[in-house]
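Encoded as C-alpha cells, the following chain is the form predicted on its own, with no partner shown.
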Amino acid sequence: MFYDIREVKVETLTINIENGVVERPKITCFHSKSFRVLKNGFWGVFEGLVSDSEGLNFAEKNAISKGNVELLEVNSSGRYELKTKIDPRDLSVEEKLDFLKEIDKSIYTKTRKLGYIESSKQFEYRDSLGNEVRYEVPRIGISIIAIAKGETLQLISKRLMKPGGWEKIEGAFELVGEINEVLPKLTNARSPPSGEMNVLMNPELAGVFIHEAFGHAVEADHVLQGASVLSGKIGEKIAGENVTIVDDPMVEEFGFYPFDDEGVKARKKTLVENGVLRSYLHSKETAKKLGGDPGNARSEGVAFPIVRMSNTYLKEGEFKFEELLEFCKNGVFLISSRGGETNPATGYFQFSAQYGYLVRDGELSDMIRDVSLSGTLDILKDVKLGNKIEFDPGFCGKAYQTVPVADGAPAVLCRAKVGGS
C-alpha cells in the first residue's frame, strides 16, 4: 500500500488600488495537510491538520473501491530555498503603499485598478517509499488594468510577476509607460480587417498560443481521456523543423517550482524537438500508463495533484523583428492577449488581442482594435520565429484549481484567420 503526505503553508498579502482609492490590505494564511493512500488501485484521500497516523487512517478508510491506478516509482529527496535580495516582509505596508501609489498616480486615465500580491509558500512531502522533500518559494507581482474612452471604450492590462523578492518588481513603472502611450491611441483606433492573412504575433500573444493551444494538448491526463489532438503522436512531426517547445519549472519565471506536488524533482522537458513531438507532461500515474517522466503534478493548496504546465516556451529562431515585418509584407501585427478559448481535443483556438497594427509593405501602419485571431495547431507547421524570447506570467485554471505559470515565446510570423472581436 502506497501513501504520501503533503503539508503546505502559504502566507499572502494583497493590496488593491481602484481609481486611486486604496482598499484595505489583506493578509491570508493557509496551512493544511493532504493524505493519499493507494489501496487496491484506488485512491483514498483526506485533508486536514491532524497527525500523520490519523490522516493516513482516514485516507485509507476513504479507499472504498477497487481501481486500476498504478504509479511510477520515483526516488527523490532534497531541500530548496529560493533566496531573495530584498525580502518584502522586511518592508512595512506603508512603504509598499507609497511605492504602489506612485505607480497608480502615473497612470493617466481615471478608470484603473492596480493589484499587488506577495506570497511565501512552504512545502513538505514524504511518502511510503522514503522520499522526503521540502522547499520555500516566495512570489511577488503587480497587475494593472486601465480603461479609457474615445471613439470606443478600450482596456489594456499589464502584469509583472516573478518568483523572488521586492527586487523583482522594481521595473513596474515600465508597465505604466506602455499603457500611457498606447491606450489614448487605442480608443480611436480603427477596426481590423477580416479573413486569412499573414499574422505577426508579439511574444506575449505567441506565448499564450503556445500555452493554451499546444500546452493543454500535451497534458497526459487529457491524452488518456481522449481529449487531445496530439494523442498517439509521440515521434510524429507536428510542426516545422524550426519549432522546439520546452516546459521548464526551474526557469525563474512565475511557474517556477523545485519539486512538484508528488515530490518529484523538477526538470526541463523538451516537448517538441525540431518539429517532432517528443513527450507529454506527466504525473506519476500518467507516466506509468503512457511511459514518460513525471514531475508536472501540481495542485492549488492541498487539492489532489493533476497534470499541469510550469514555464512553457517556444524556443527562439533566427530573425530580427524588422526581418519578420519584411516577410509579413502585408497583414497584421498583434500584441498581447485579452483572453479566448481553446479545445485541446481539436487543436482549435480563438484569442482576442489587446491591440495591433496593420502591416503594409513590411512596415507598421494604422493601429487596430478589438482583434480576434483563430486557427488550429497546424499553423506551427509553417512559422518564422524571432530571435528573442520574452515570458509573460499568469494563473492557469484547470479542474477548479489555479496555479502560477509563465508562457514564453519570440515573435512569431504565421498564417491565420483575423476578424473583429
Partner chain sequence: MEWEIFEEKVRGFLAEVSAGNLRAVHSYKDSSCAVRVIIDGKVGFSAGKNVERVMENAKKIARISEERLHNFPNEKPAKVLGIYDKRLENITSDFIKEEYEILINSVERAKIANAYIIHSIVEVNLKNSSGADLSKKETFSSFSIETVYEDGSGFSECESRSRELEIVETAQYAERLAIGSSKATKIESGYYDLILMPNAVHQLFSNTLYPSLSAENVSKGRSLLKIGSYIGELKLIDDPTIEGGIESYFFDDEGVKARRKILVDKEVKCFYSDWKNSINFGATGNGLRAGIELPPSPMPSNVVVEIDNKADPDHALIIHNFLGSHTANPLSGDFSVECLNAELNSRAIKGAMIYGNIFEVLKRIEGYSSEEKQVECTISPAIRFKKIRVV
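Keep in mind the model is a prediction, meaning the values are calculated, not measured. Numbering follows the first chain given and starts at 1. Under this definition, the rigid core comprises the largest set of C-alpha atoms superposing within 1.5 Å between the forms.
We do not show the form predicted in complex with its partner chain, though everything after this point is about it.
Q: Counting any non-hydrogen atom inside 4.5 Å, which residue from D293, E341, E273, E178 sits next to its partner chain in the model of the complex?
A: Exactly one residue meets the criterion: E341.
Q: Which of these residues, L97, M250, I86, I117, gets a heavy atom within 4.5 Å of its partner chain in the model of the complex?
A: Selected option: L97.
Q: Just one stretch in 346 to 354, 166 to 174, 314 to 322, 133 to 141 has heavy atoms within 4.5 Å of its partner chain in the model of the complex, so which one is it?
A: Of the stretches listed, the one contacting the partner is 346 to 354.
Q: How about F327: is it within 4.5 Å of its partner chain in the model of the complex, going by heavy atoms?
A: No - in the model of the complex, heavy atoms of F327 and its partner chain never come within 4.5 Å of each other.
Q: Give a yes/no on whether G48 approaches its partner chain to within 4.5 Å in the model of the complex, heavy atoms considered.
A: Because a heavy atom of G48 falls inside 4.5 Å of its partner chain in the model of the complex, the answer is yes.
Q: Indicate whether its partner chain has at least one heavy atom within 4.5 Å of a heavy atom of E285 in the model of the complex.
A: Contact with its partner chain, yes.
Q: Does W43 reach its partner chain in the model of the complex, with heavy atoms at most 4.5 Å apart?
A: W43: yes, in contact with its partner chain in the model of the complex.
Q: Using the arrangement in the model of the complex, list in sequence order the residues of 364 to 392 with any heavy atom within 4.5 angstroms of its partner chain.
A: Contacting residues: R369, D370, S372, L373, S374.
Q: For a quick test of reading the superposition: does G41 move by 2 Å or more at the CA between the shown form and the other one, rigid core aligned?
A: Shift of 2 Å or more: no.
Q: Once the core is aligned, please say if the CA of V50 is shifted by at least 2 angstroms between the shown form and the other one.
A: After core superposition, the C-alpha of V50 moves 2 Å or more between the shown form and the other one.
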